[in-house]
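Read the single chain below, which is given as structure tokens and is the form predicted alone.
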């Protein structure tokens, strides 16, 4: 019997664990699931005869190494910063590893050691990164097969609320880590190339420069730039492409309103606010507005930001930004932490809500002097709040990849991404069985 060790039983692991247990009998797998909460691990294993719930400290080498040593494959669903140390243990015990996270420089540096150990370390095999790579490579390979040149590639992805549960003026609810939403885009300028010109968008202007796209049956979306699009040129074999751009999707109107928080400084996580525990949403907002003794907070906000329509103002009113009754009660909090505490109350998923994962690619190719525009879009709606769209699109590619590795279909060694046809074709084909399917359209332009 082969042994699969899953580190982390959080939300993104739900669909992964369900898939592995479902296929464990026919493939003779034992699925060992570790989490700091033994109750959560037991819940995910759900008394399956081939499942084992564990609770050891995966961050402690002495506790995790015995489990890694007896595993045939390790799947790390831990935060990305812990993957490299897990990978080093996997190399030492000649155990292959899968992570859905972005590959780091430190992880890339382990390639030679992984090859020597005879193992595969597969990274970026979730949704973004993961399905984005695989679906893009499939279209790019089809374009190349026609001997067409690739002029432009744009790719967008976003975790949103399902249309039937979209019932607030922001058209948004938290379907993933709230903190990551609040601090998104900070740290460095977004960089990409457009018509052979390098472009940079500093954080302060990130939510002002948007692409708008329409997905049939789901309406309009807007996309803002991700931090680094340039590194993807080599991943996709597009080193000389004139235009490459990757971005995050939101519903139209979200970014303009969110930019108010950015311009005020309320998304800043770099310092603590004095006496933050006594602040209310109203006094928190007022902390970033000019002092005008006889002017209300509402009017100061209207004056500081020219709201072109009442609908935008109502977004802030609906959030409760002008309320003054209940202090935060959070000492030594950063502005970002206080903003997050407001948003969590208003953007939480209600009982019965489902999430939605949206991905959109646009390719422009040229052949015999004619240009063709190809769009490829995918929309996945969650089943419920356990098997969410995010959990399905992150966990299923990981699980299918694990199956392919354990059954010998994938025999690569070293540190890799899922950009080879022999990897992405069977994974994308099987994902279609779960409703994760791309719709393509093309037109001459």
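Remember, predicted model here, so these are calculated numbers, not experimental data. Residue numbers count along the first chain shown, from 1.
Beyond the structure shown, there is the form predicted together with another copy of the chain, which is absent from this document and is the topic of what follows.
*Asks:* Want to guess which of 264-272, 83-91, 349-357, 70-78 is within 4.5 Å of another copy of the chain in the model of the complex, heavy atoms only?
*Replies:* Heavy atoms within 4.5 Å of another copy of the chain in the model of the complex occur in 264-272.
*Asks:* Residue 304 versus another copy of the chain, in the model of the complex: is there a non-hydrogen atom within 4.5 Å?
*Replies:* Close contact exists here: in the model of the complex, residue 304 approaches another copy of the chain to within 4.5 Å, heavy atoms only.
*Asks:* Is there a non-hydrogen atom of residue 189 within 4.5 angstroms of a non-hydrogen atom of another copy of the chain in the model of the complex?
*Replies:* Within the cut-off, so yes.
*Asks:* Is there a heavy atom of residue 329 lying 4.5 Å or less from a heavy atom of another copy of the chain in the model of the complex?
*Replies:* Result no; residue 329 lies far from another copy of the chain in the model of the complex.
*Asks:* Is residue 314 one of the residues lying within 4.5 Å of another copy of the chain in the model of the complex, judged by heavy atom distances?
*Replies:* Looking in the model of the complex, residue contacts with another copy of the chain do not include residue 314, since no heavy atom lies within 4.5 Å.
*Asks:* 278, 118, 202, 217: which sits within 4.5 Å of another copy of the chain in the model of the complex by any heavy atom?
*Replies:* Checking each option against another copy of the chain in the model of the complex, the one that comes within 4.5 Å is 202.
*Asks:* Taking another copy of the chain in the model of the complex as the reference, which of 343, 181, 148, 289 has a non-hydrogen atom within 4.5 Å?
*Replies:* For this set of options, the contacting one is 289.
*Asks:* In the model of the complex, do 197, 209 and 300 all put a heavy atom within 4.5 Å of another copy of the chain?
*Replies:* The answer is yes; 197, 209 and 300 each reach another copy of the chain.
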